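A single chain comes next, written as structure tokens; it is the form predicted alone.
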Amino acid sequence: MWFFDGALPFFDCGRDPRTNMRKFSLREFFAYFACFAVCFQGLFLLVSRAHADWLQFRGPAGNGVLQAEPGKPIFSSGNSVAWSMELPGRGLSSPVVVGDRVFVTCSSGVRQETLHVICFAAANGAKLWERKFRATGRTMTHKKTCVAAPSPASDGKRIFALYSSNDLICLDLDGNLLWLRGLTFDYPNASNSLGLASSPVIADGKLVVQIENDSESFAAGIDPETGTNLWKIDRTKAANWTSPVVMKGAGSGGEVVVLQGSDGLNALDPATGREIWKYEGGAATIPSSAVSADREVLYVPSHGLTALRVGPEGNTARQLWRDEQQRPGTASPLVLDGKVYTVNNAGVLSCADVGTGERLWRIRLKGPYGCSPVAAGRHLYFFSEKGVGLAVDVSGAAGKIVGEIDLEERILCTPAISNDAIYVRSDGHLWKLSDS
């Protein structure tokens, strides 16, 4: 076997003096082949696992969608509970799924002063570890919410858990503490009496948190390795429960993080906090925006629903359309296969064309809904505050309810989807729902 010099530098097998090319035996060739096969297999598994992981609030792209082949809904029968595990405290936070592990946060105690991060085995619900911390900031919240309202986020190596008490905790996947910040020590007035709920996101490898209230509002980019600030900017002093969204753009790594608030939107470079573009039309402070699959169009709860497209250079955003009738309630909008879906406070699901905003159909669901829908394949999944889960097939001329399950516990958590299963939590339990 003959190969060009430097193409395979692991062995010194001598050179052919006539051509100055390395000379390899058949045995060495197969050794190289085996090496590359192992590397390829590892890369394939890494990509496959990342595709199945649900790493933050509203999933891989932060839009509530897990790309999957159409098939039967995840729960289409009454016997869809693969397992349920009791939780030690309250929580509105979503689960996150990394590989074969599910992570969830809770808060417990008379004043919700004990903060929990718990890891379960996805296969059978076995508790793998639990870590407890004492809140360092204020723990007052409205009775409907709690301290464990923000969803954790993961970069695939670490878990970042943020709480309404402004405690930010970083653990590795085995539960070892890497760093902890009590943001209240740095920013004493960053709190409100109703509680905070904005979830952190990972953008270009940076952790971004949005802490907005009536007193000391700010957003910060944080180094995930050390927990120190990379940047910090002041934000409008107004209560806000929305979460950041990551889009394509002119950031240093090709992404921008979009912050939503009562004044509108601000797109920032995740590495520096530099503002790249803004939208000053005002926006809701409860439902978050949803991004398209290509991360170039943003559907904003603003004057009903407003679609914004990022310009070709990534440093501008222009309005595509606006529809006052598509106003979402508490639940954030969702974009799937050329359609945008919203649920209002009356439990009416509306479907509109992503390009024009024209409403195509609407149906009434069994609400009310305090959490946002998620989707896989051709199915949307909704969980009402009363604990009723619905699977809605949206592949036809109108949406059709094709699955229902009653967990008989109050649910305010946006669920997670991974490997043909839904993970959803009530105040009392974490559930895995699957028909496989």
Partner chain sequence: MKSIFLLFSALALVFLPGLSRAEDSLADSGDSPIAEALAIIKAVGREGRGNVEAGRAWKQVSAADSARLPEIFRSMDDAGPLAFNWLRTGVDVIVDREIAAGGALPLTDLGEFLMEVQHRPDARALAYEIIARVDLPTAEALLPGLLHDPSVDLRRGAVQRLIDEAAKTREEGNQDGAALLFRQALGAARDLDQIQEAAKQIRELGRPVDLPRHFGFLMHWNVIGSFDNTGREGFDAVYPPEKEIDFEATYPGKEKEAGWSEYVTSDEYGMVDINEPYGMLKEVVAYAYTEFNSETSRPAELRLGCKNAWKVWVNGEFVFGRDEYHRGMRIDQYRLPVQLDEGKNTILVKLCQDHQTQDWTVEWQFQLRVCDATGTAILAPDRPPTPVAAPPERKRRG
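None of these values were measured; they are calculated from a predicted model. Positions refer to the first chain, counted from 1.
What follows is about the form predicted in complex with its partner chain, which we do not show.
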Original post:
Which among 190 to 198, 328 to 336, 301 to 309, 117 to 125 is in contact with its partner chain in the predicted bound form, heavy atoms within 4.5 angstroms?
Top reply: 190 to 198
**OP:** Tell me, out of S84, N344, T316, T136, which residue has a non-hydrogen atom within 4.5 angstroms of its partner chain in the predicted bound form.
**Re:** T136
Original post:
Heavy atom within 4.5 Å of its partner chain in the predicted bound form: which of P88, G282, G175, G273?
Top reply: G175
Original post:
Does at least one non-hydrogen atom of T145 fall within 4.5 angstroms of its partner chain in the predicted bound form?
Top reply: no
**OP:** Would you please decide whether D214 lies within 4.5 angstroms of its partner chain in the predicted bound form, comparing each non-hydrogen atom pair?
**Re:** yes
Original post:
Going by a heavy atom distance of 4.5 Å, is V348 a contact of its partner chain in the predicted bound form?
Top reply: no
**OP:** Indicate whether W361 is a 4.5 Å heavy atom neighbour of its partner chain in the predicted bound form.
**Re:** no
Original post:
Candidate spot G370, E409 and S434, all three in 4.5 Å heavy atom range of its partner chain in the predicted bound form?
Top reply: no
Original post:
If you look in the predicted bound form, which residues in 117 to 134 sit within 4.5 Å of its partner chain (heavy atoms)?
Top reply: E130, R131, K132, F133, R134
